[in-house]
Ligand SMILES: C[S@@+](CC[C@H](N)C(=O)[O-])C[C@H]1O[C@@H](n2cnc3c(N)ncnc32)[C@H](O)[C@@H]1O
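Shown here is one chain on its own, the form predicted alone, set out as structure tokens.
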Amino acid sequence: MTVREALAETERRLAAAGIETPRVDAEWLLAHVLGVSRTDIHTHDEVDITALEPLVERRVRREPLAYVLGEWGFRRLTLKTDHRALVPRPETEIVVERALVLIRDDREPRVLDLGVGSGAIALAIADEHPGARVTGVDTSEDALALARENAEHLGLGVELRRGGVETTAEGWDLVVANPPYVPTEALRRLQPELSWEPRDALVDTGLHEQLVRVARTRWLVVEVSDGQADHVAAAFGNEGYGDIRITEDLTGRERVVEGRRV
């Protein structure tokens, strides 16, 4: 099948499945099969439909595009992605950005990423601040295995071990986290793709407030959901944090809350 025909047919099927960006997703799928960038797909005349078809079927079933492709970009990194951890999202890049600002003058800051998942935050910090001594913890052995695969592939020296919020009390220069923040009742209203991602990493269990209480760190940086920033910032204030700041993501939503232990 020609690339033009495959692109049109894939876009049609994805649109019929309710996918919001059918053209972009179709381009990603073809680029993956062809082994080129999205911008170079039209430099090829034909595509192997037998290789493309199973990927399209998976996306039609609303499996996240990052899982279908098996990898996803996050800041300067390309990470392996699958059902063992959440898909790295653009808004989480703002978390890394703020973390890096806070430790930029430290030669060897001790950094903890709570709920390391695929390793996105921990590995990005290690990549962009080579002196940082980064540790990533997670309660999921599956997520830790994925993070280890990514760390090994990227050649980044990050300590990875099992642990939960109690590890934040060990004493750090920076604790960073993207805690679960989706209300249980909201799951039904969100995109079907979320049903493929680990539920324990999605559903809000009050971890933000617990983290603010327990963490022993110079700086704490957390990602929050829409409408949650003021509440979390108030929790920071109640626990005596100073220099509290809320940062918006690229869509203008309040996405990151940070503070300094006084």
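Residues carry their position along the shown sequence, with the first being 1. Note that the structure is a prediction, hence the values are computed from the model and not measured.
One more form of this protein exists, namely the form predicted in complex with this ligand; it is left out here, but the text below deals with it.
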*Looking at the partner-bound form in the model of the complex, is L69 within 4.5 Å of this ligand by any heavy atom?*
no
*Does the 4.5 Å heavy atom contact test between Q191 and this ligand in the model of the complex come out positive?*
no
*Taking 4.5 angstroms as the cut-off for heavy atoms, does D200 touch this ligand in the model of the complex?*
yes
*Proximity of G136 to this ligand in the model of the complex, heavy atoms at 4.5 Å*: no
*Report the stretch among 152-160, 98-106, 85-93, 127-135 that approaches this ligand in the model of the complex to within 4.5 Å, counting heavy atoms only.*
85-93
*May I ask you to choose, among V214, A229, A31, L207, the residue with a heavy atom within 4.5 Å of this ligand in the model of the complex?*
L207
*Interface residues of 141-180 toward this ligand, as seen in the model of the complex [heavy atoms, 4.5 Å]*: A143, G163, G164, V165, N178, P179, P180
